[in-house]
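Encoded as C-alpha cells, the following chain is the form predicted alone, with no partner shown.
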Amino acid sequence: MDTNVFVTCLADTFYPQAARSVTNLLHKMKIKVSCPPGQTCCGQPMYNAGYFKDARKAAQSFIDLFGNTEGPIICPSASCAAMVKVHYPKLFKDDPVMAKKADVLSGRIYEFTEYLVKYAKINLADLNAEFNDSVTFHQSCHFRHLGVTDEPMNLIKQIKNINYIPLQRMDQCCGFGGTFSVNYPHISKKVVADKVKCIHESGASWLIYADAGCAMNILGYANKTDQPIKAMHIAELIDKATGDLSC
C-alpha cells in the first residue's frame, strides 16, 4: 500500500516532530510512505480571509503535486485536511476540469487519526503500545467538517498503562480559528484562557492535540501567562508508545 504525507505549513515550521512521527508510525505498520517534495500551503489562510483567487493558486499547486501520486494522503492537521476535503471542491465549482481533480483528492485525504481507525483499522496492541503517564485531549473544531468524533480517544485508549483523563469542554474551540484570533483577539483570548484552565484542572501530565494551529494558540497563551503545559501531537504519543523503528 502506498501512502503520502501532507506535512502542512505549521508542522513544517513549528512542529516537524508531528509529521516525523506520522512517517515513523507508518513505517512501523509496514506501509510504504512518500513525502512529495515541493509541498506548499494548502491555501486555508487565504480562503478564510476571503482571498479566493490566491487560495485557488495554492490549491491548484497542491492538486498538481498530489494528483501525481497514488494512495491515501495523510495529514496531521484536521483543519488542513478539511480545507482539501470540504473547501477545494467549492473553490473550483465553476471550473469543471479542476473541480473533477479537486473531487478526486477530496476522496483521498485523511486526517491522521481518521486514517488509522477508519482506513487502516490499526490495533495498537499489535505494536505493543505502552505509555506510563496521564494524558488529556483537545479536539479540533475542524473534526466536525470531517465527521471525526471519537477516533483520537479510540487510539489513546488502545495504549497500555495510559491514564486518559477526559478534558472538560473537550470539543470547545481553543480560540485560534486562523484569522479569527487576529480579527477578534479579545474574544480569542477569553476562549483560550478557558481552554488552558480546563487543561490544568484535568491534572493530566500531558496535553495531546491533533492540530498544530490549536497547539500553537494554546501553548503560546499558556507560556505567555506562565502556565506552561507539556504537550505533543497524537502521532508523537503513538510513536513514543510503540517504541523505536526496530520494534
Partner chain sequence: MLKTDKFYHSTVSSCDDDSLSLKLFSALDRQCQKREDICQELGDIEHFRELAKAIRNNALSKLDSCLSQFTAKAQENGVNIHWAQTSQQACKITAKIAQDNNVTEIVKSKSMITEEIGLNQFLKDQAIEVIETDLGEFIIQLADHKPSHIVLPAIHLSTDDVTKIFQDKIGYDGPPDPESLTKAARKYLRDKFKSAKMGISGVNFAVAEQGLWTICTNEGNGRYVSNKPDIYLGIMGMERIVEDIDHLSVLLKMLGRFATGQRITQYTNLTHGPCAKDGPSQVHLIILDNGRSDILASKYRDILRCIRCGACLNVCPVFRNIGGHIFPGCYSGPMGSVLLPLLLGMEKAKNVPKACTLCGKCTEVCPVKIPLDEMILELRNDASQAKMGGIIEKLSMPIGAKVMQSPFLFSTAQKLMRLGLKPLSKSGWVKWLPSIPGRWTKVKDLPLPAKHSYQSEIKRKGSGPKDE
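Predicted, not measured: the structure shown is a model, and the values here were computed from it. Positions refer to the first chain, counted from 1.
Keep in mind that the form predicted together with its partner chain is missing from the display, and what follows is about it.
A residue is said to contact a partner when one of its heavy atoms sits within 4.5 Å of a partner heavy atom; Tyr47 meets this definition for its partner chain in the predicted complex. In the predicted complex, its partner chain lies farther than 4.5 Å from every heavy atom of Trp206. Residue contact check for His186: one or more of its heavy atoms lie within 4.5 Å of its partner chain in the predicted complex.
Among residues of the shown chain, Ala241 is not one whose heavy atoms approach its partner chain to within 4.5 Å in the predicted complex. Contact check at 4.5 Å (heavy atoms) against its partner chain in the predicted complex: none of Ile63, Thr69 and Pro152 pass. Scanning 135 to 155 for heavy atoms within 4.5 Å of its partner chain in the predicted complex gives Cys141, His142, Arg144, His145 in sequence order.
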